[in-house]
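Only one chain is shown below, in structure tokens, and it's the form predicted alone.
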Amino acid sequence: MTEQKPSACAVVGAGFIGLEMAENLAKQGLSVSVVEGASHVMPPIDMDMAHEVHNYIRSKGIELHLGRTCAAMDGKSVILNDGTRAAADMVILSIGVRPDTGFLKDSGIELGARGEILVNQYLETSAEDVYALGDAVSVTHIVSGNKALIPLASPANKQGRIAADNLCGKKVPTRGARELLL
């Protein structure tokens, strides 16, 4: 970064990693814009909480472009789907992860609508003696009770421990996504 001396950065994606990058770059003196296709940052939080985060981000001098997506880049800016331009001589794409589970299509392992591997509370798949964990599995969100993808290292680590216990004959259930983040 110091060799090229960028002055403006667009961060596309306002999840945890994108926002962390935006904040750190702003602290380094860059002009930063965050582009997010959703109506608010950090999809796991609700709109009321997101408004507080929006206010904090703006107080740090970071521009927010919510409900818009990146349509093109021209070397000087990111061009949004509504024609707005966000100055950028550096672009960071932090647009999340999508499970790469196409190879499981005819395996008998049940997949969700986004291609995620569906597991029970013991991290067992629909195929006998097959466990799955990490970024590609859906887990139960402890607050909503709905299935959710939480592609973070901490939950994957906890899932690994739980799957190992279950492979060794213990019956250790996951208690939901909150437990996995602790």
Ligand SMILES: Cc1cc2nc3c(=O)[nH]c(=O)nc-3n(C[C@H](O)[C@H](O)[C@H](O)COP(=O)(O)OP(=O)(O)OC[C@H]3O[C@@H](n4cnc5c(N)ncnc54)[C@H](O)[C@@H]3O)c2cc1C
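Since the model is a prediction, treat every value here as computed from it, not as a measurement. All residue numbers are counted from 1 along the displayed sequence.
The protein also exists as the form predicted in complex with the named molecule; that form is not presented, and the subsequent description refers to it.
Note on contacts: among Gly115, Gly37, Pro43, Gly134, the single residue with a heavy atom within 4.5 Å of the named molecule in the model of the complex is Gly134.
Proximity to the named molecule in the model of the complex, taken as a non-hydrogen atom within 4.5 angstroms, holds for one residue of Ala127, Val143, Ala153, Met49, which is Ala153. Ile17 belongs to the set of residues with a heavy atom inside 4.5 Å of the named molecule in the model of the complex.
Across the options 64-72, 29-37, 51-59, 145-153, residues that bring heavy atoms within 4.5 Å of the named molecule in the model of the complex belong to 145-153. Residues of 29-55 placing a heavy atom within 4.5 Å of the named molecule in the model of the complex: none.
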